[in-house]
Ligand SMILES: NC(=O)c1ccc[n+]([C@@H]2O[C@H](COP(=O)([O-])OP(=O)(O)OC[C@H]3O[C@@H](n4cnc5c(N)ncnc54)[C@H](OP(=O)(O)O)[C@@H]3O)[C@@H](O)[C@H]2O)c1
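Heads up, the chain below is alone and in the form predicted on its own; it's given as structure tokens.
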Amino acid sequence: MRQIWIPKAGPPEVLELREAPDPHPKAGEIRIQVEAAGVNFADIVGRLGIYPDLPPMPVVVGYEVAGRVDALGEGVDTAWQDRDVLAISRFGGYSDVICVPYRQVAERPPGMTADTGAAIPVNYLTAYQLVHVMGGLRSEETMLVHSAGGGVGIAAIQLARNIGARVIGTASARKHGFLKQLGVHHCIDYRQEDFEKRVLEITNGAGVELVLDPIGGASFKKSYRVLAPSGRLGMFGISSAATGKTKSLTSLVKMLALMPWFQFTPLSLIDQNKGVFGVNLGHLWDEIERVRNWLQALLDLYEKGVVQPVVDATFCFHEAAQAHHYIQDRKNVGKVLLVPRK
């Protein structure tokens, strides 16, 4: 098999394509011939050396794949053999062959391509947890989503529009036309506009009921301030700590210094009727049945035409560095994938 390794922290060029023997599935595992693997911001933060959950380097990252089952471990139902599937991987997804526990695998609905399948797990499960499970968004409410043109942003927009909620999105100006086609009601150019001021203008000072914020630092403070009474802030990343192609202690310290350490106190939440919650899909490995239920709900929504992953670009395994550059340069509108072959 071929795998993409992070041998040490550094710029995208540190990524190495290596050969290794094909793995054999252990009891309870399924082996997948990978046709597509998702690239996520967590992979990039891992490459930078600032992801606390990353195993010691050298390491193969990657949380989601799609492909075909070609081998089964002891105790796995033989009906899985030769099925087209998608799967959640606990690292190791940047591989063209991977073994994962069968509980982390789902059959792809008829007609779903591998590219579409690989674009669903991380982005849509995160969005589902943010919008449905913990955000409790309702049709009469308004949602503000930051990084609206990214994979989680697009997933959240589709889920929110299905609910019937109003959506405000922040993104660079070149992405606004596409986002409006998705049903975003108001787009804010975060590079040119103060999103706090614009949100309050758009809502006539009322604020919004749900904010999805993957940025961290000062953004969490401002996002909290635009919440209406009963509003909820969902935090799911700290992208402001990864401003360059290599590890920056300055960016990390600045992000931490600007975090709202004393703003979200129990008394302030009570007094202001606001809620704050965090989402990290990578910390739910002991809750796999819960996650499987969410994934099944998403696959049901896919078959209804609600979940429609947007794949922006695919890169061959030997182009992994370009894939990381593409995301860090904020070029993507939607999902970026790695494919073993084009």
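These figures come from a predicted structure and were not determined experimentally. Residue positions are given as counts along the sequence shown, with the first one as 1.
If you look for the form predicted together with this ligand, you will not find it shown, but the lines that follow are about it.
Residues within 4.5 angstroms of this ligand in the predicted bound form, judged by any non-hydrogen atom, belong to 116-124 and to none of the other stretches in 267-275, 102-110, 76-84, 116-124. Against this ligand in the predicted bound form, the set Pro214, Leu281 and Gly334 is in full contact: each member has a heavy atom within 4.5 Å.
Taking a 4.5 Å heavy atom cutoff to this ligand in the predicted bound form, the contact residue among Ala313, Ala42, Val60, Leu54 is Ala42.
Exactly one listed residue, out of Ser172, Asn162, Thr203, Ser248, brings a non-hydrogen atom to within 4.5 Å of this ligand in the predicted bound form: Ser172.
Mapping the unseen interface onto this chain, Arg191 counts among the residues with a heavy atom inside 4.5 Å of this ligand in the predicted bound form. Interface residue remark: Gly93 is not counted as part of the site for this ligand in the predicted bound form, having no heavy atom within 4.5 Å. Residue contact check for Ser239: one or more of its heavy atoms lie within 4.5 Å of this ligand in the predicted bound form. Proximity of Gln322 to this ligand in the predicted bound form falls outside the 4.5 Å heavy atom cutoff.
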